[in-house]
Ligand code: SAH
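Below you'll find only one chain, the form predicted alone, shown as structure tokens.
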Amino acid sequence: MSLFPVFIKLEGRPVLLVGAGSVGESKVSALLASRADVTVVAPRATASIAKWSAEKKLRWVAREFRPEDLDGMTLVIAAVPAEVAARIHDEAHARGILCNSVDDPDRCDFYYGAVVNRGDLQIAISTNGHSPALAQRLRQELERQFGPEYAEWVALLGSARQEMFAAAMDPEVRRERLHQLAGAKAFQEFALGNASPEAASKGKVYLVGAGPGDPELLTLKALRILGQADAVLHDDLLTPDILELIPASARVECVGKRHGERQITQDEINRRLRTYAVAGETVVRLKGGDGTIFGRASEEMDALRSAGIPFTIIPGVTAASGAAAAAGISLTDRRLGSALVFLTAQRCKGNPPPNWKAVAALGGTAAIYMPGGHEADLAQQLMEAGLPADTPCIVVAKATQADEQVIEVTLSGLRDMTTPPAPALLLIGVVQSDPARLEQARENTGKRSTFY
């Protein structure tokens, strides 16, 4: 049966509670908070109910239930043994009164939801009586996500709304402004400006490298910190297997930036890191590979330092290492070349391109991150810089993942190659030139394919 979710104003309305033991007592607080006119019927009562009666906060009738006790009531809660609750339920139905029989879903017209209270903000959870334990767990998770600061913020939103309705304002402009005031960015600014020193001193950010994709390549420290997270801001290309390691209680936000697609700005990522940390949370910025290698970690560290927020870097297995492992090669080999250089095909607007002549003259291995869509340009620039057209290359897509691809190609053939799926990495140089090693790598897995 589907439930109709509703929040009822009970102020001044008569409500009956039958049973004044510990279970009945647990039902009273919410009724008193809503300013209902509460009558309790029970021969005996807990000390708290007796105290509330003496303080005139409720009316306690010290006797057994009688059907006439229901007359004029809005709601009734039966916190008594099942046989008594059944009679109360039947009498209530005869009078058209909604009844809640504690721990007896079949005799409940409504349920006590697990409620998150933040002033005028209330979030109620119901499982239709199937699992109050689950509802309580979800309440605890939501209480972590929606902290006490929401009480003040909702009050401020209410005041702003009243002022706007009192002023002469175009309805569409007012609607747009109200949505802006209730937006995530507005709340983050509010929380950042109103966090207590005690909370701010507890918050911390961890810049965690998640490795190239295989969850077993996470470091033990990364896994431990991830399990403690209150909030996780993760890249777009992280695998589902890694995301499943995030605690269910954590706030999880994808803040990835994909080329050619709408993306969250770096300033917004920095803002969220600061906001959650100042609110006293343990924040994990989860990046693919190693976040300090082409992962914009320096920009986030600068933002955290300027805000006085402590952070720790947890390195990860970088994509070049994962790609080399997938291809069955070593990134360095003293017999063939003693140099290894990391580059990226993506760069900030206005930054000059790498010195490709210096790269060509290395005599070692070049690992080029994020080559997607730039393969032809890279090949042309490297050949113009002096690398032979038959220089061996390996493109590794989705390294260490179940659907990884290892693509062997020459530098000239790179210009005509179909762009592989992201994330991908391009390895160029003498270390890849051993045919026996490449053939052995292809024999070791059926997931690899070769294109020319």
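Numbering starts at 1 and follows the sequence shown. All values derive from a computational prediction rather than experimental measurement.
Heads up, the form predicted in complex with ligand SAH isn't pictured, but that's what we're talking about next.
K.L.:
Would L425 sit within 4.5 Å of ligand SAH in the model of the complex, counting heavy atoms only?
P.N.:
Output for L425 is yes: heavy atoms within 4.5 Å of ligand SAH.
K.L.:
Is D290 a contact residue for ligand SAH in the model of the complex, using a 4.5 Å heavy atom cut-off?
P.N.:
Flag for D290 set to yes.
K.L.:
Does at least one non-hydrogen atom of P354 fall within 4.5 angstroms of ligand SAH in the model of the complex?
P.N.:
P354 lies outside the contact set for ligand SAH.
K.L.:
With the partner left out of view, is I394 within 4.5 angstroms of ligand SAH in the model of the complex by any non-hydrogen atom?
P.N.:
Close contact is absent here: in the model of the complex, I394 is far from ligand SAH, nothing within 4.5 Å, heavy atoms only.
K.L.:
Sort through 398-406, 29-37, 57-65, 384-392 and report the only stretch with a non-hydrogen atom within 4.5 Å of ligand SAH in the model of the complex.
P.N.:
Only one stretch qualifies here: 398-406.
K.L.:
Which listed residue (G364, G203, P371, G113) meets the criterion of a heavy atom within 4.5 Å of ligand SAH in the model of the complex?
P.N.:
When ligand SAH is considered in the model of the complex, the option within 4.5 Å is P371.
K.L.:
Here the chain is shown alone; which of L181, V252, I125, L237 has a heavy atom within 4.5 Å of ligand SAH in the model of the complex?
P.N.:
By the 4.5 Å heavy-atom cutoff, the listed residue in contact is L237.
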